[in-house]
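This document opens with one chain alone, in structure tokens, the form predicted alone.
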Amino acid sequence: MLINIQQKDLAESLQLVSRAIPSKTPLSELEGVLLTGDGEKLSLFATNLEMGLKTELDIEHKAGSVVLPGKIVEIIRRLPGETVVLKVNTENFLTEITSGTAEFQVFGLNAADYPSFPAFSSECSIRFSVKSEDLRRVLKQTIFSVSQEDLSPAFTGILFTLSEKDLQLASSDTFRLAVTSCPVKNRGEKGSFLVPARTLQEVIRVFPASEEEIQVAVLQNQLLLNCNNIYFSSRLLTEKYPDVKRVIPQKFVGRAVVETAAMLQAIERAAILSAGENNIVSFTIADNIMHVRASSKYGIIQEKIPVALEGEEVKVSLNSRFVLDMLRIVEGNNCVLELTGSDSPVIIRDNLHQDYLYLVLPIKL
């Protein structure tokens, strides 16, 4: 294998796939990056067996393959020349790397021992496409409300539900629930699958915020994504997810519209003095005013925010962190609060994305 490539291109590609290199693993080959070339296209792939990332570069080279240790990412990034030459000894996989005045010899491994990236094929049970910016948005709207506790594995994932026209995402840690959706291009397929939130964090990082289409497929127990020579795979969770529709209230005693920035800033201030591990902040909504109050051994804060209220007065205490998590990703100028009564769940909506629902359970004092 012999490659002559721009240092910048190789460094960027290695940086992308290196996100899937495990920090600890008993399998030595997984500590590196698989480079595979057919003479015209160079593929770089890394996996931790839960998640995989692959990218491809169009470049003429002498075909071959090798697994290079994770140190290759830093080596290539720091090379002094504009171009890099990699020469792999096919007998022992010793790889010579030269660039400018620098010359490295890196001990590679046999690529035959490295897992392969699952391919899009006719065997995929589900296939559709979605705009990259739409997928990133719905992930940001749900990913923060998953459980951080492995005791309930289903709640560490995000539930994807595909219909003929849209894709719905739902997440919960049992104290709150986020549900949203986005349009898709679909051949009429339907289905649902549960994806670990920790792998989906990388989807937000590696795919661009653009109108580019991401191709999506489910192959056995794997989710596959592909857009502009970036390939992503994630294992699926097998746990059963509860029916989220059952916990969403259908009747409300009031509805309040409030400026997003005003509510966010007021709760951030109140959170400074919120009490206990539940970060308790109390809200009283009446006479077109939202009273925000928090107290602890350090002091008391009270603040008033104007709202447009329709319906009954409501008093409720919430975890301020839960509310702030949602408000910080709201894109609309206003939020809509759907009120179910004192000491009852509160639903918060982004006025720019009305299909986005965020439910927070109250803290009973």
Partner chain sequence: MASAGFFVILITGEHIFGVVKLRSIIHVDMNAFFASCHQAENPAWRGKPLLVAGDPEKRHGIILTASYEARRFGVKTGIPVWQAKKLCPGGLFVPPDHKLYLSYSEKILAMFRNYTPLVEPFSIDEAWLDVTGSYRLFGTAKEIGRKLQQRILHELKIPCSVGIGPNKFLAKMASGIQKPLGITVINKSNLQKLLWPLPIEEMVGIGPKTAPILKEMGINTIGQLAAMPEKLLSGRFGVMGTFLWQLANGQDNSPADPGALQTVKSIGHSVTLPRDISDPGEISRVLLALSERVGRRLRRSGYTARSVILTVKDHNFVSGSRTKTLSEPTVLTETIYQTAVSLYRQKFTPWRKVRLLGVAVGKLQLKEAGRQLSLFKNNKEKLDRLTAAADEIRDRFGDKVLRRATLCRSDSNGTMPETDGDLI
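Positions refer to the first chain, counted from 1. Remember, predicted model here, so these are calculated numbers, not experimental data.
In what follows, reference is made to the form predicted together with its partner chain, a form of this protein that is not presented.
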Options 107-115, 273-281, 187-195, 286-294; stretch whose heavy atom lies within 4.5 Å of its partner chain in the model of the complex: 273-281
The single option of 101, 221, 148, 121 touching its partner chain in the model of the complex, heavy atom within 4.5 Å: 148
Heavy atom within 4.5 Å of its partner chain in the model of the complex - residue from 254, 242, 208, 81: 242
Its partner chain contact at residue 343 in the model of the complex, heavy atom, 4.5 Å: yes
Partner proximity in the model of the complex: residue 155 to its partner chain, non-hydrogen atom cutoff 4.5 Å: yes
Proximity of residue 359 to its partner chain in the model of the complex, heavy atoms at 4.5 Å: yes
4.5 Å heavy atom contact, residue 264 and its partner chain in the model of the complex: no
Non-hydrogen atom within 4.5 Å of its partner chain in the model of the complex for each of 24, 322 and 363: yes
Any residue of 95-111 that, in the model of the complex, places a heavy atom within 4.5 Å of its partner chain: none
